[in-house]
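Coming up are structure 1 and structure 2: the same protein chain in two forms, each one given alone as structure tokens.
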Structure 1
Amino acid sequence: MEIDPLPNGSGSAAATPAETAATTTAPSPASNTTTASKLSQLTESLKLEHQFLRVPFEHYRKTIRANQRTVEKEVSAVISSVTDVADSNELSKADAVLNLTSLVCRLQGLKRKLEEGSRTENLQAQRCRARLDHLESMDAENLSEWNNVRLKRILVDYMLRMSYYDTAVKLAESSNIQDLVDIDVFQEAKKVIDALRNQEVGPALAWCIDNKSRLKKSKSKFEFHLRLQEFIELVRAENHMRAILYARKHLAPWGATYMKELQRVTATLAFRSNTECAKYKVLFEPKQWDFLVDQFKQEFCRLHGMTLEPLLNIYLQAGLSALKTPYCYQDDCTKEDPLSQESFQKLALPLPYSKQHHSKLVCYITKELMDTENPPQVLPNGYVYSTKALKEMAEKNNGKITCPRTGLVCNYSDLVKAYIS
């Protein structure tokens, strides 16, 4: 906050023309800079929307790739069977006709698949566009509505990640923002998570195979951990022969990279599930499955270009750090401050306090900012209120001021303006 410096007692007459000139010219650049800073703030906030565009695109890209792969696979399969037919020496006419007809059928099936695939592609491309349009639609006029939608998007994101699907769907439908949230992306995750919660690894493994190359690129250990868990379950069931066979087939290939973990888990063959040895006991605990769920969520988010934390947590944390002051934890904190509430205070506990380089003074009475237009005035007892509040009080009470915090009564003329920079 910048408040004009105290004019020199003698220079006040000389200063007037300069002052009036300043007041006539000052407002326009000032308001220009505020709108400019508001604009740059909006741009900055748009730049936070990476996930909003990235996720539907990743989904789109995945569909495109899958469609490409089917075409390539099918066409090359058809061509190679034509080659087989042509190259075989003992083939009756009937056989040849049969073979070729079946190939034609196969191609027709492929065509249908392609048409369906390109319909999905179209829908997903539309969604990507809808999001670009939504970002573009933000301007100064619809800002509050836009911000409202953004909060809803953030909430849907939170609920999807926390697996509160019903609430997520309800919120998206009731606000008509289905295109702006990633419910269908999470449907895929839901299947895997539900299965893991039921202690089944099948869908998770299938998901790993689907995304093999990308998981490999990020050096993911998820599949390895799934395999370890399956092995543990075999040991728990005392199915030792099968466990050993399983380890040979599915664990051994990871030996080169994760030998330590592999050794620890295979050692359970000796310890069994009722072991008291802490190091191995923990491997049999049901919470291992929860770890797998968490790990899956992480891999899933990474693969789809999402932040690993829910957006809500990220924004909430930033907001709470920015709002946190020592005053929030005092009893007389205003209700309008989110941090006056116990729940927000608890969340903010591990966060840093905000920092100010300049004084920011809020009038105790009107809760408005005290600045050059509404400067702070000091009562004889050292209590400070805004000019606006004090003037209003004086007008109502014949020039008398009553301090709302101490009860002191004084005249409006007793007040002095404080210069705070």
Structure 2
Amino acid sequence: MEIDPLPNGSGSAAATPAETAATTTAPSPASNTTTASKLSQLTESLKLEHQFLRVPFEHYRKTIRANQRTVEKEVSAVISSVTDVADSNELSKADAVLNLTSLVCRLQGLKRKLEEGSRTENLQAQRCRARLDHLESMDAENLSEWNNVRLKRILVDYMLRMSYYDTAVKLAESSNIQDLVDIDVFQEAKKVIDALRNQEVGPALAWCIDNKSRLKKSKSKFEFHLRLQEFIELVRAENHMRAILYARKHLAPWGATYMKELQRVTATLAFRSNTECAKYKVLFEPKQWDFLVDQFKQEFCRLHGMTLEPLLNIYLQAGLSALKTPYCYQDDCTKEDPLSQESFQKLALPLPYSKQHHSKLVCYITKELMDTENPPQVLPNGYVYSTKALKEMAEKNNGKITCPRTGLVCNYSDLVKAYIS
């Protein structure tokens, strides 16, 4: 054991400057172990951060593809126009000048689109870089600050998924984490969700067209369900002829894949929207639009590499899975247990019970573990508390013990020591 020198420089054991420097700079083994343990836990939890890098990357890649398609389309049109002009022998000078002027205007428009696309690509590349830098900045010295930023990211993600857009934007701006969250991506989804809630399928169909190849690759049924709902709305309005024409144009191509569903929906032509036939009544119910909203959210998350569940739910469930026991769902569950709350019980419902090899006794007063070092003691009324808590109570009350749950007063000598087997 080292003894610090007194202020005047004298002490029972004066330390040399080298020893003092070693004492102040060298971290203790316990500190190293704690830091390493925290970093190890954080590294494990980073495995859930897949979407943190995947989302901006997918958005970046989508922008590049869109810009490439625009260039190919415009350049092809310009080349075709130039070829037509070159092959025309009867074109007057004025017409040639007019055609060339039109081509120049078109190329200038393409230039503006490319400049705008380039700016968007640079912003998204910057966002990817910012997230990589954020992950690389994690170390033992700023662990608390890094975790705080991470918690705010998770909260913003949850708010965006729950449609609290304004609150999410304010939190991101106040915390200066705009590059670390996906507000613009969710704003894109918000337009489609709002339209579906207003019973409009136009924006959702446009989104399906923009992502047609990827939706087809994942065998998505979202566009098919949108078409079915549009058909149902025509039937609801009793516009049967338009509904038939619509089915021939937009539903017939899906017949080879989803014939049973198609037959069921087209059969609604023989019913009114207020039908009591349960098989077809459900197709006219407003909850079909809620189903489309949920399906869009799933497809949207899947395309952008996001988890289907909010990250906040995933982290909470990870913790609750270690606490869940059959006792948590009983009426006499202690209020200190998080699972005594209905919202947490609902969140933990699909989780398995935690595997408890040994029972653990926790003192009601100090919330500390009762073991051989701090054994339990039994009051005359049968309630059990830790020795540490009861000794402190006896010292403050002249050897008297008051049960905090029943109010019973007894002497410390009346207690009986309990043994843990």
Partner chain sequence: MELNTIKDAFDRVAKRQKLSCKSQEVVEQVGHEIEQALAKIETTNDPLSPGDLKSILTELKLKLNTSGPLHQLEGLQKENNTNLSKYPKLLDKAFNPDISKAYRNVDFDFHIVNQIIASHFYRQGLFDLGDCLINEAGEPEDIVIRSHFLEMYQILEALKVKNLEPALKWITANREKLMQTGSSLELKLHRLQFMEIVQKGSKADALKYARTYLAPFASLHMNEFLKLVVCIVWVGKLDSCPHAELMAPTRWEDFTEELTQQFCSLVGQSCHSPLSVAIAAGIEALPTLLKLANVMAAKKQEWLAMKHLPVPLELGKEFQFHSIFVCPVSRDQGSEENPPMLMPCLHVLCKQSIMKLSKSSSRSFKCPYCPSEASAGQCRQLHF
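Everything numeric here is computed off the predicted structure, so don't read it as measured data. So that the term is clear: the rigid core is the largest set of C-alpha atoms that superpose within 1.5 Å between two forms. Counting starts at 1 and follows the sequence of structure 1.
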Q.
Tell me which of the two structures is the form predicted on its own, please.
A. 2
(Q) Is the shift of Q263 between the two structures large enough to count as movement, that is, does its C-alpha move by 2 Å or more after the core is superposed? (A) no
Q.
Please determine whether the C-alpha atom of E200 is displaced by 2 Å or more between the two structures following superposition on the rigid core.
A. no
Q. Does the distance between the two CA positions of K391 reach 2 Å or more between the two structures, the core being superposed?
A. yes
(Q) Given the rigid core as reference frame, how large is the C-alpha shift of L347 between the two structures? Answer in angstrom. (A) 3.2
Q: After lining up the core, report the Cα displacement of P376 between the two structures in Å, one decimal place.
A: 10.6
Q) Can you give the CA shift of P326 between the two structures, in Å, with the two forms fit on their core? A) 6.2
